[in-house]
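Shown next as structure tokens: one chain only, the form predicted on its own.
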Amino acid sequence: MKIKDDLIAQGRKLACGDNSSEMPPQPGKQDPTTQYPRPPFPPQRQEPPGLASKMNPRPDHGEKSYRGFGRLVGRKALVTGGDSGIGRAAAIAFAREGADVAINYLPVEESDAREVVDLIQAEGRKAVTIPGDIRDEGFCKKLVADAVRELGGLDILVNNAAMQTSQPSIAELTTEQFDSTFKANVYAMFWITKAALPHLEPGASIINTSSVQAYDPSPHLLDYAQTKACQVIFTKSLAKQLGEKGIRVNAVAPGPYWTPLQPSGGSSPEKVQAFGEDTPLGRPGQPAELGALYVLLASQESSYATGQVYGSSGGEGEP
């Protein structure tokens, strides 16, 4: 038994790359309450938009755990916010399922984005980087045009990038922040989707990242929660428009996930330390736990699913 235990421990050490801040693959049946780190987390604060590489512990995006099965071979995907968090998990999973992937991010997130490029290219897939601010309509149009040109088409669009800034009271929520949040989370989704539609053929899939905040809003996220509710209705309405064209539109509504949104102003420092502890599972989700869901919604395996919102919130909220 000791030899077996030593071999298992050695395997875990190699999987971690001898870096205790990185989480190893999690094979086999496990207790989900202890599968990933639980709060309290170390105090941490970053300037927005934040970097995954500076978080402690580092999020798991599926870098070492996601295994593909060829479900997206030949597909071409554009993922906004693909440098970190849920977008990064989707980009990694898409590449390991056989897709070429273009990712969008802010220029200050370049270091995180380069890690994603390396992971995509390691799978023998094409990686395209298109940095820029999606709060600008002109850039959104260029983003789609560049992705289509570099990828040679477009089959999967993931509207994932978002802005989240905690404010304790409406009295402290400025018009500037309110406008910026809506431009990043709502206007950009509209601009990018509209620009992408002429390039999408039957069988294409649009996936929008909403949030449990659309159903169970936190008092300190008044503007953010409204945008996430907008995304749900945008998804359901657009799905009805595009159904006859054979283009599916769905959304994912995550609960508390361990991403740079939190330490870069999405939550107060105190809330970051306790992040996820009030869920039934007692911890935040890791982006890696959503990769397979984005693959499902992008693949033919969900061919009858459109206008749906899929929740993943550790046991609270809706849908």
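A quick note: this is a predicted structure, and the numbers were derived from the prediction, not measured. When you see a residue number, it is the position in the sequence shown, counting from 1.
From this point on, the text means the form predicted in complex with a small molecule, which you will not see here.
Proximity to the small molecule in the predicted bound form, taken as heavy atoms within 4.5 Å, picks out 207 to 215 from the listed stretches 119 to 127, 92 to 100, 233 to 241, 207 to 215.
Contact with the small molecule in the predicted bound form, judged by any heavy atom within 4.5 Å, is made by just one of 197, 148, 106, 222: 106. Interface residue among 261, 288, 251, 272 relative to the small molecule in the predicted bound form, by the heavy atom within 4.5 Å criterion: 261.
Each of 134, 162 and 257 is positioned with at least one heavy atom within 4.5 Å of the small molecule in the predicted bound form. Under a 4.5 angstroms non-hydrogen atom cutoff, the small molecule in the predicted bound form lacks residue 77 among its neighbouring residues. The small molecule in the predicted bound form is approached by residue 86, whose closest heavy atom lies within 4.5 angstroms of it.
Although the partner is absent from this view, residue 62 stays clear of the small molecule in the predicted bound form, with no non-hydrogen atom inside 4.5 angstroms. The small molecule in the predicted bound form is approached by residue 49, whose closest heavy atom lies within 4.5 angstroms of it.
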